[in-house]
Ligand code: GLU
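Okay, here we've got a single chain as structure tokens, the form predicted on its own, with questions on binding and movement later.
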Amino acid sequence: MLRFAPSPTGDMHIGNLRVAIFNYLLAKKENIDLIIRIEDTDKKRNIENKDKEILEILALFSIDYKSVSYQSQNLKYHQKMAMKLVEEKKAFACFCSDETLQVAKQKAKDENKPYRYDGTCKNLSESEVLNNEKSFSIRIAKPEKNIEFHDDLRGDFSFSPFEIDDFVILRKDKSPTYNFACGVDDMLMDISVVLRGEDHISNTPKQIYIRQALGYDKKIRYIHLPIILSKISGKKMSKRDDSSSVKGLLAEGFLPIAIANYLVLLGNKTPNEIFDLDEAVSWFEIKNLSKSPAKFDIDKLRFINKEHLKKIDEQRLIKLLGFEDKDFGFLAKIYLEECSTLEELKLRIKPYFEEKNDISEFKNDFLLLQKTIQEAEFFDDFEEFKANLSKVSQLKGKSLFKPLRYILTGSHKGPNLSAIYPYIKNYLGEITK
């Protein structure tokens, strides 16, 4: 069983989506189930309807899964497991105030040392615990030996008890911390493979230790993907990066199939540069992934998007652009010489049908040509159409072609009119009104 576990605390970014896609590919490749677990225990940071948005995005990218669950629904199990550890002396109540802990953390920071809990409440007697009326959190006692695990991509890891520490598993409000909820849920859901970002490497030994303390000894396979860096800053892509939001990329007119193609291509050895996820399933291998961070290149994504736009059926393309007639799908593909997204194509097609009022430079010629086109008979051939216009209007050269281009396209520049004409000749009445 694989799981993709997003939090409904913000827009899905490309790093999250890449994890979702790789989970999907691995599930298909190895014929095992994928589930979605919405990690919504941090109620203060949860954003209303973000869970639905996440599922909608997964649907757009054709990432199917067996089921959806919400981490908050397991709260009673998180609390029961924490109390079980307390009863077995594997965890303890911590009455330290937030202020006391903050002072200790600041002291460690000032001394340039990692903060570790000093054990103040670790050896309190039962009477000291029972007679203490202060609110308390629950901490798990750090392990006595190193916690080790193997990563299918990165190899072997070992974390000392000092690195793991006596960490909090249940907050004072009795809600679980991330690592505790995650560790328990992976156990309850019988997860066999965890594929996620490398920023979770330090969380992995804590989650393994939690399950060991609860007597769960099934080994989980781990795969930690390298982070994605900004090509501009060289730093990790963050929510502040314009191109990191999946919703933002979709709004700009990037196709889901192209975004997925690019994210699989990043830091990966692939037999082809342009592909869809169904094709990727056949050759996807974890061993072909780079261990090094990959740099996000928006220009490369534009190239891949353009290649997928070229492959789309003209009828589907024009519907994506918000029009009906297939002829304009062929017309849109002419503009792929200069455009690479749906939004850019829309900006080229929409002016054909909009009011054309930027005519100060050639107003009289414009009005004359407009009237001539509206009254002319139908011409299948552009050269015949052009010759008739020139003959009736007596316009030639720039006086003919400058206003004619604007009348037909709503733009002062663009592809040759002879290339455009075959796809607009049946709509001249609507275009020139």
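None of the values given here were measured: they were computed from a predicted structure. So that there is no doubt, residue numbering starts at 1 and follows the sequence shown.
Unshown form predicted in complex with the ligand; subsequent notes refer to it.
The ligand is not shown here, and in the model of the complex it never comes within 4.5 Å of any heavy atom of Lys142. Using a 4.5 Å cutoff between non-hydrogen atoms, His200 counts as a contact of the ligand in the model of the complex. Contact annotation for Ser7: at least one heavy atom lies within 4.5 Å of the ligand in the model of the complex. Interface membership of Arg196, defined by any non-hydrogen atom within 4.5 Å of the ligand in the model of the complex, is confirmed. Screening 177-185, 99-107, 251-259, 281-289 for residues having heavy atoms within 4.5 Å of the ligand in the model of the complex returns a single hit, 177-185.
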